[in-house]
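Subsequent text provides structure tokens for two forms of one protein chain, presented individually as structure 1 and structure 2.
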Structure 1
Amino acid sequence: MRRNTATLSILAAWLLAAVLFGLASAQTATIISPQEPRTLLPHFDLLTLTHEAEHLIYDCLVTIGPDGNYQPQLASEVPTTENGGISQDATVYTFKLRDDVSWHDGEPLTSSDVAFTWQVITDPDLPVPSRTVWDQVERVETPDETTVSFHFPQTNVSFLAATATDSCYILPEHLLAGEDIVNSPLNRQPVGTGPFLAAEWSSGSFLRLERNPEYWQAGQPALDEIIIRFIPGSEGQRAALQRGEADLLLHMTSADLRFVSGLDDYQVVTGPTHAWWMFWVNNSDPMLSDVRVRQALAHGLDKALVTETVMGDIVEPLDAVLPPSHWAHNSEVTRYPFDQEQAAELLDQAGWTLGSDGMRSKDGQALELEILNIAGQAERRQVVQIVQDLWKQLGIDVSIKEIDGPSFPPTMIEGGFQIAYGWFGERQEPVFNLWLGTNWQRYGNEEALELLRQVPTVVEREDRAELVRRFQAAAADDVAIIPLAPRPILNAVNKGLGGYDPSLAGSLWNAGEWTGR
């Protein structure tokens, strides 16, 4: 009896040691995020962070690597015209799914999950904010469990990109069909096919994810656990970095660049985007409808001053209306170098002459401009203040108006602005919402816009690029908007975190490959 007790205690001690050792060697990566996902049920939120966190839990049919090329994910290969996955006229896209993928609850993934995802995205009774491209699909066919094909009424070149980023996550039909999807428990307890399982979500504090032991990608994920801590204040974020508690700080501002470069253990890794900072110019405003005034404003803007001082000198000034990261970028558009004399001359030509008080006016009307900005971000305010100062030097009475985020779109839609500062992100396969959708700048060059309308129907990418480049040249000549600089995503990464490599698919797209400190 006594011997039994002794054996038992040794066994217990051994087990305890094993558990403790197991805990000690568990590989955890801690991510600091200023924001929190609103929901983890894909397709119902457009916050960048939501998309990124969803990539830990869900998979897409295909994805985009850091080199900008498509890679297969749930599809066993990337459909192309060569392998027959895309029909010659680009009206049919066929995906062959992997047959070894299962949902986090053990159910197998089938082609009907993919078809169901399309139904959800296009269901008019569901509050889906972005149905782009998916809503152009005419019908979906699932001839067998691993084949799904999407049929379009006419040529569509944008669909592959739509299945690779943002609204690309495949939903579990067996848990959502016939249910109240909007208020589904999956909003908080997601079930995907991705490398990590959502284990614990403490609202306002953290999201803890555990390794999916059944993940289809062999040997992945390497980490046992990922914790996303939501830290809204820069004091807390900086403290977490200084204490070495973080492996990754997502979406830092350029104000933090110098701070991070002073930390030995961290480096700044920029995530590629097709986004850029810009000034919307209201082309229908009485003062700004004169192209010479718009040109003068462009000449009066010292873009390098802004990128070097406020943006941490990590981006170059931008002249085209699409950033250099994009394959259709045109690097040879008309440039408006910083030249105050040229700007003054253009304003003189437009009839806005200098008065004795140093300010310009025409027919007794002063040249007044208001810059609309979204309040709450120091960096944005600094940029707008620099520009205000520069344009004042031209003799323009410039004021700044700040409003909060949700008020911005309605104000822009109503046209209640002259100049507005902000950014816009284009997709890998552009949909030109900036020009053909919102068109807040009220750009009216129909000939140029027609070029963009042709793009989605052109099968050859080089031919599409040519159309987009011609549009960029026209938009630059017209100063339809004033581009400022590309807007990459800035992340501070602990040098001990292995395999970190952001792509257009997001900052966390390859978390399955990461190795811990």
Structure 2
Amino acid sequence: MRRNTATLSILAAWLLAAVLFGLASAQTATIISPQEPRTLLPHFDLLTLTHEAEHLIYDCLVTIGPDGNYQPQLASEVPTTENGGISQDATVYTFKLRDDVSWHDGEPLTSSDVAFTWQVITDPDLPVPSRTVWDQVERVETPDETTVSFHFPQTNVSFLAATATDSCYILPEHLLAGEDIVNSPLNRQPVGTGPFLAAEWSSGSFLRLERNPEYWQAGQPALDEIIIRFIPGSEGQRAALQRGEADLLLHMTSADLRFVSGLDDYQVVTGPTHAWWMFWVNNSDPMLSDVRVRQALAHGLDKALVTETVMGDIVEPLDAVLPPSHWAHNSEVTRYPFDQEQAAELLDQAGWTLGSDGMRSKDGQALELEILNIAGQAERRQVVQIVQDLWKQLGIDVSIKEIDGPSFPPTMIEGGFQIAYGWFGERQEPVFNLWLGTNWQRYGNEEALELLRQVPTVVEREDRAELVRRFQAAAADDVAIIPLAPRPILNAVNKGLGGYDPSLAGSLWNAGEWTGR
């Protein structure tokens, strides 16, 4: 009996050591995200941080590396005119798919999945918030299981960009065809072809993903597990970094730069981007439909005050509707320098006169504006409060409404706002989703929008740039939106996280290559 007891003790100790060794050797990375996705079924949510999470679960036909060049992903090679993948007139794009890719449930990926994805994106009965470029495809052909061709009625130079970022993720036809996609279980239990499997989603807390052992990319993923924690406020994010609980904090605010720089184990990495902060202006709102009111708001906004204080003086104020980092940026658009006297004069001209109480009204109606903002980030709150105060000085009754991130896109789509604060990013080869896709600002200058519709049909880049610059000039004259400043993508990265290398495709595009601490 004594010998058996000793043997059992030794065995128990050995098992405990094995478990501890397994835990210690498991490669896990923890990511902090300021926002939680509304769904993980691609194409139904416009939040950038939703797209980031989807990068772990799904693949695109091609992607974009840190050098800005396209790289094959589900496609065996990037189509070009040289290899015959793109027709000489850029009306046909043909992708040859890898033949060794399986969905997370074991079913093989085929060209039918790609064609089905296009059908979903362009289905007018589905609440897809953006169909830009995909809706210009005339037809899709699948001559065999590894070949898919997209046909356009005219030259289109923007399609590769569409297949590489944001709206690029391919969907599983065998799980979604004929189903109620909007209410599909795949919203919460996604099935992709990517390097990680969605294992557990605790609403308001975390998303846990496990290594895909059958991933098509040899040797990937190196990590066994990725955990995305949803922490919306800077206070909680800072506490997690101080305790060393995170490998990556996505989209940190500039207000946290000094804090993160003071942490020995972390560094700030800036991701490449063509993004900018701005105020969406609902051009169809009765109080904002007069361009003089929009011009007054632009003159009444002290952009330099915001950039020099809240944004830490790391960016310059922006006037164009495309940031300076982009090759088509127009630096010579109409500017609206901070000038409250000019702003007041414009409001007077528009019929909004000051009353004895210092507030403006017209025909017995008060000039009231509401700024919509995503809650949870101190920097965003500070910006809208500054703007609220500046516009109140003009005699405008300004209020702030804060909602959670997942509710923001549906609210904007429905037009349930007057002014909204946020940011938007354009692609290297622009597809103008802000204007031709979502158009949350309800910009109706058809002559200006037609300039953008022509861009994909023009082969020479400089000729395309001229069209985009002309559009920026018109949008600035109309004050279609109020640009504020470029938005750098700032991520706090633990120095022990290996392989992290953000690109225009996103911060998590190459998570399969990461190694843990």
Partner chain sequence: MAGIFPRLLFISILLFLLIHLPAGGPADIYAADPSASAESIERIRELWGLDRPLPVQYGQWLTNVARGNWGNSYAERRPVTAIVAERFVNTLWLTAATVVLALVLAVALGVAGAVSDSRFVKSLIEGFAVLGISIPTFWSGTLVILVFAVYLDLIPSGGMATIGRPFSLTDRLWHLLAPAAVLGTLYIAQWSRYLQAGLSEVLREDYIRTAKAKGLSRVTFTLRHGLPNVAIPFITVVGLEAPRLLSGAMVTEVVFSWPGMGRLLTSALLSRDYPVVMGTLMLFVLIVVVANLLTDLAYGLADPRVRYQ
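The shown structure was predicted, so the numbers you read here are calculated from the model rather than taken from an experiment. Just so we're on the same page, rigid core means the largest C-alpha set that superposes within 1.5 Å between forms. Counting starts at 1 with the first residue of structure 1 and goes up one by one along its sequence.
Note: the form predicted together with its partner chain is the first of the two, structure 1.
Once both forms are fitted on their core, a CA shift of 2 Å or more is seen for Q472 between structure 1 and structure 2. Relative to the superposed rigid core, I419 undergoes a CA displacement of at least 2 Å between structure 1 and structure 2.
Superimposing on the larger rigid part's C-alpha atoms between structure 1 and structure 2 leaves the smaller part rotated by 30 degrees.
The shift recorded for the CA atom of D285 between structure 1 and structure 2 is 14.7 Å, with superposition on the rigid core.
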